[in-house]
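Okay, here we've got a single chain as structure tokens, the form predicted alone, with questions on binding and movement later.
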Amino acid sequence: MSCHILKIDCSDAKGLIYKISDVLYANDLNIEKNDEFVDNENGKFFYRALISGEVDVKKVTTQLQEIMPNDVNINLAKKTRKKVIIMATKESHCLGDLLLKYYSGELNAEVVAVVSNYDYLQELAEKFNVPYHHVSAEGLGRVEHEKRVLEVLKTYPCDYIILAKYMRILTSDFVKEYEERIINIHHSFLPAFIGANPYKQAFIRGVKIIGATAHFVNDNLDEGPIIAQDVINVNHEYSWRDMQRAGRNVEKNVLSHAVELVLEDRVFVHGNKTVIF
């Protein structure tokens, strides 16, 4: 018996949960687990359910559309392992963590390729039998380099792109190709500490917490909808290198958590925010 995930968002109205349950029951489907949230300020309803049974996706989707508000968005899909491409530059901590989880079966996805603007991490990727593509940016403008990267990406089936410390700013055209499907990680000092060596900048300022933010990429640099965040305490005994080591641990953990949430279809994008079940 197959399992499917049903995601619905629409304007809030009376009796929505009853109507959804009625359609599922009429199709002899069982709700294994469900979550719902109403954004009262904006009058929006969000619903996620794990359902089991023999699902006729087209039939159930049509029936739900007929009884829900006109602005409804419905996503009903079989629960499967998604395909991801990881993009990286020189730092190995986030890429290595994801590849290790992939190898051990903890990452509910198939890593189909690693793409980088340097060849530094090729040996790491190949240890896990993952194809590695080095697309150098040397001597190229941003648009031309992205064109070559896209040529590589489009040779693979891909549900999401994970930026595992990929240190290049993406253009709007690139982002549009994978809208709400690119996940990024950055240290939470932004925008206070922009540019080279943010941990050294933070050390000079005497910060007391360091952290990381994982988010979807949009046209505004590092300002896309936030998926996950975390912080840890630091003090005067930390050198900037200590901060960097601690910060990298937070980065890889936050990115891994965000990727897990997305792969399990627990994330709704609502404007520039997220609703997460």
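We call the rigid core whatever largest set of C-alpha positions still superposes within 1.5 Å between the two forms. If you're wondering where the values come from, they're calculated on a predicted model, not measured in any experiment. Note that residue numbering follows the sequence shown and begins at 1.
Unshown form predicted together with a further copy of the same chain; subsequent notes refer to it.
Novice: Look at the stretches 171 to 179, 141 to 149, 79 to 87, 96 to 104 and give the one with heavy atoms within 4.5 Å of a further copy of the same chain in the predicted complex.
Specialist: That would be stretch 96 to 104.
Novice: What is the one choice in Met167, Val72, Ile204, Ala137 with a heavy atom within 4.5 Å of a further copy of the same chain in the predicted complex?
Specialist: Selected residue: Ile204.
Novice: Please tell me whether any heavy atom belonging to Phe128 falls inside 4.5 Å of a heavy atom of a further copy of the same chain, as the geometry stands in the predicted complex.
Specialist: Looking in the predicted complex, residue contacts with a further copy of the same chain include Phe128, since a heavy atom lies within 4.5 Å.
Novice: Does any part of Gln229 reach within 4.5 Å of a further copy of the same chain in the predicted complex? Heavy atoms only, please.
Specialist: Yes - in the predicted complex, heavy atoms of Gln229 and a further copy of the same chain come within 4.5 Å of each other.
Novice: Flag Tyr132 as yes or no: does it have a non-hydrogen atom within 4.5 angstroms of any non-hydrogen atom of a further copy of the same chain in the predicted complex?
Specialist: Because no heavy atom of Tyr132 falls inside 4.5 Å of a further copy of the same chain in the predicted complex, the answer is no.
Novice: At the 4.5 Å heavy atom threshold, is Thr61 in contact with a further copy of the same chain in the predicted complex?
Specialist: Contact with a further copy of the same chain, no.
Novice: Where, within 247 to 277, is there a heavy atom within 4.5 Å of a further copy of the same chain in the predicted complex? Residue list please.
Specialist: The stretch touches the partner through Arg248, Asn249, Lys252, Asn253, Asn272, Lys273, Thr274, Val275, Ile276, Phe277.
Novice: Rigid core aligned, does the Cα position of Ile85 differ by 2 Å or more between the shown form and the other one?
Specialist: No, shifts by less than 2 Å.
Novice: With both forms fit on the core, has Leu121 moved 2 Å or more by CA between the shown form and the other one?
Specialist: Moves: no, less than 2 Å.
Novice: Once the two forms are fit on the core, has Arg181 moved its CA by at least 2 Å between the shown form and the other one?
Specialist: No, shifts by less than 2 Å.
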